[in-house]
Structure formats: structure tokens, C-alpha cells
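Just one chain is shown here, as C-alpha cells, and it is the form predicted alone.
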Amino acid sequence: MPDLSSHRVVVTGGAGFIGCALSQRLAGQVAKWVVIDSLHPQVHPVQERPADLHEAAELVVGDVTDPAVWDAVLADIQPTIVIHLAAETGTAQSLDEATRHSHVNVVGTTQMTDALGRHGIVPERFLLSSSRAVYGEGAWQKSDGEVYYPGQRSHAQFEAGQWDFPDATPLPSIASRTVPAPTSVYGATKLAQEHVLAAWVNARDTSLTALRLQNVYGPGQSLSNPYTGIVSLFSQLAMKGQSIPIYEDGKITRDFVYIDDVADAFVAALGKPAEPGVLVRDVGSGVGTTILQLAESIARFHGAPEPHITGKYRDGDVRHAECSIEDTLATFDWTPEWDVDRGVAGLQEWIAAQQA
């Protein structure tokens, strides 16, 4: 555990899934821990302080896009560390609600940097929760060895059931090698967050660490948000004894990373001495799992019927999202400990306790 006892920390979106988990590890270890969170009803059906937010965290209910909220917070605390988690996160939803996603994710970030400038505050470091969505479809390799970026699958491809790109296999993304090419509005806004903060910290000789998170799941995840959390959605269906419906041919691949491993990665990132400039790393399990494999694991746990392939699809959906964590392991004192089967079991126990 890094020694953060002298630090004053502001966490945007800090009452959410990752923020609460992180608060349990660090809020009691710092001089001051202030959370700014709008308690959006899509994430927080009940508009009250989450029970999982550490008691030492001071909660400011407010919108990161509101300059008055920032002025009030920064009049009270001069943060040495800013952990920027606040974001609208619905990848599919962002296509039809692009203004809301762009306003929160991009303007919320620029309001933060503008407010810091107004108050003459330059934090020692920023820690940004970025996303695997910045890669879009990522890189694929043809049978002759050529690496290329196929881009977004078209509606015509989906209609024809052409789920994969011909004569090619997907490659794991890695921040030092894979060119970001988002295929969703959400992914574009997350990449914009990286760029805005990179410009700001480089101009002021301070530090930014951006962690590109894969599909995070586990206890504490919203069970009511229809736009995020496929693991919790599948879990609730299986608990009811229902067969889980699977899109495309079941071979969509994701890297599912357990919340404990993600929170530990944030702690490890803060444990690395801050250096001027920008550091980008991937946070995942390092293992790709097909959606069908995930559903089968959940169904087995509950003795539910076998999942069934529907052939349905979502326009703009990425076929393959998996990362290499080699650079992350070499940079931080961190190793993921939860595989999918163990993580699925942990989530089922938590969901059962919530429903009870």
C-alpha cells in the first residue's frame, strides 16, 4: 500500500462502482478524500450516499460539468491527486445519446481543468479511468502476416451474418503498440479525455496516468443499469432459471476483469512515483473470453438451461476486445488474481445477498 497520508484527493464519479471499491482501499489512508458525483439515476436508482462508499469520504453531490460545483470544491480543498472516474459509460447508448456522453465526458473534463486553472492549482498527478473502447476494433492480422485495422463492421455485414473479418485473426490491444481508433461515441469521448488531460499536464509539467480498463465486473456493480454490466445481466437471468440469449454466433470476445483487480491496479498506479508526462497502460485479466463461454460459466453455476444463440446484433459493436498486460505488469507492482470462473462465483454470491 503506497503512503498517501499527506495527500488531498479529489475523485470525480467517486460514488460509482470503481470509486466505492477504491475508497475502501484508500479513503482512510489520505489526509482528505473528496468525492464529486451526480448520483445519476441510471447508476444510482436511490438518490442517497452508497453504503459501499468509505465513511472517510466526503461526498459532494454535483455535476462535473457545472463550474460552480468545481469552484465550491476547490475553495475547500487543493488536491494533490485527482482521480477522474466520472463518465457516461453506455457504449451502445452513446450512439443515440451522443450529446449527453460528450457533455459529461469531454466538457466535464475541460470544466475540471479550467477550474484548476482559475484556482491556480496544479495537482501532483492525475489518474484517469480510460477504456478499452478507445481501440475500437483494434488490430487484426491476415494469414500472410500483414497487420491491419479493419475498422467498424457495417450494418450490411451484420445482416449477412459476416461476424468476423475474412482471412484475419484479432490481436490483443496494447497501449504502446495499438493505434486508438474508436468505433463508438463513448470510445471517442474517452480518447478525448486522454488527449485533453495530456495537453494540460504536459503544459504544466505534472503527471497523468491513464488506465485503459477492459470489461469490469463484480460486487458493487449496478444491477439496474441496462446499458452496462453484461455479467450481472446474465447472472440475473440464470438465477431465474432462464436460458441466456447470446448475440451473433457467441464468439464475441471480451477481457472480463474483476473489480478487486481493477481497484488494486489503481492503488498500484498511485504507488509508482509520479513523473512529469503521460503514462498509458492497459488493465485487464490478459485473457479473452467469448460471450458464450461467459454465459456457460454463469449457467453452470446456477444449473440454468444452456445459453442459446439468437443471431441478433448491435450496430457498431466490436467483435474482439482483449488486451496484453505485459507492459502493465512490468510497470506496476500488480498482478490480476481473479479468473472468470472465480469472479463469476464471487458476483453470484454478492447478487444473492443483495436480493435477499
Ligand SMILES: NC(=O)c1ccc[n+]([C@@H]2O[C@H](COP(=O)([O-])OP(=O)(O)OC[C@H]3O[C@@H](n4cnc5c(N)ncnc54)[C@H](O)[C@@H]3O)[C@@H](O)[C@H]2O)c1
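Every value quoted in this text rests on a predicted model; they were computed, and no experiment measured them. In this text, residue numbers run from 1 along the sequence as written.
There is another form of the same protein, the form predicted together with the named molecule; it is not shown, and what comes next is about it.
**Student:** Of the listed stretches (137-145, 184-192, 165-173, 115-123), which one has a non-hydrogen atom within 4.5 Å of the named molecule in the model of the complex?
**Tutor:** The contacting stretch is 184-192.
**Student:** Against the named molecule in the model of the complex, would residue 129 count as a contact residue? Criterion: heavy atoms within 4.5 Å.
**Tutor:** The answer is yes: residue 129 has a heavy atom within 4.5 Å of the named molecule.
**Student:** Test of understanding: in the model of the complex, would residue 316 fall inside 4.5 Å of the named molecule by heavy atoms?
**Tutor:** No, no contact at 4.5 Å.
**Student:** Quick one: does residue 18 come within 4.5 Å of the named molecule in the model of the complex, counting heavy atoms only?
**Tutor:** Looking in the model of the complex, residue contacts with the named molecule include residue 18, since a heavy atom lies within 4.5 Å.
**Student:** Please run the contact check for residue 38 against the named molecule in the model of the complex: heavy atoms, 4.5 angstroms, yes or no?
**Tutor:** Although the named molecule is absent here, residue 38 would touch it in the model of the complex, with heavy atoms inside 4.5 Å.
**Student:** So, a 4.5 angstroms cut-off on heavy atom distances: do all three of 73, 109 and 204 pass it with respect to the named molecule in the model of the complex?
**Tutor:** No: no residue has a heavy atom within 4.5 Å of the partner.
**Student:** Taking the named molecule in the model of the complex as the reference, which of 58, 63, 296, 327 has a non-hydrogen atom within 4.5 Å?
**Tutor:** Result of the distance check: 63.
**Student:** Though the named molecule is not shown, can you say which of 81, 85, 210, 197 has a heavy atom within 4.5 Å of it in the model of the complex?
**Tutor:** Here the answer is residue option 85.
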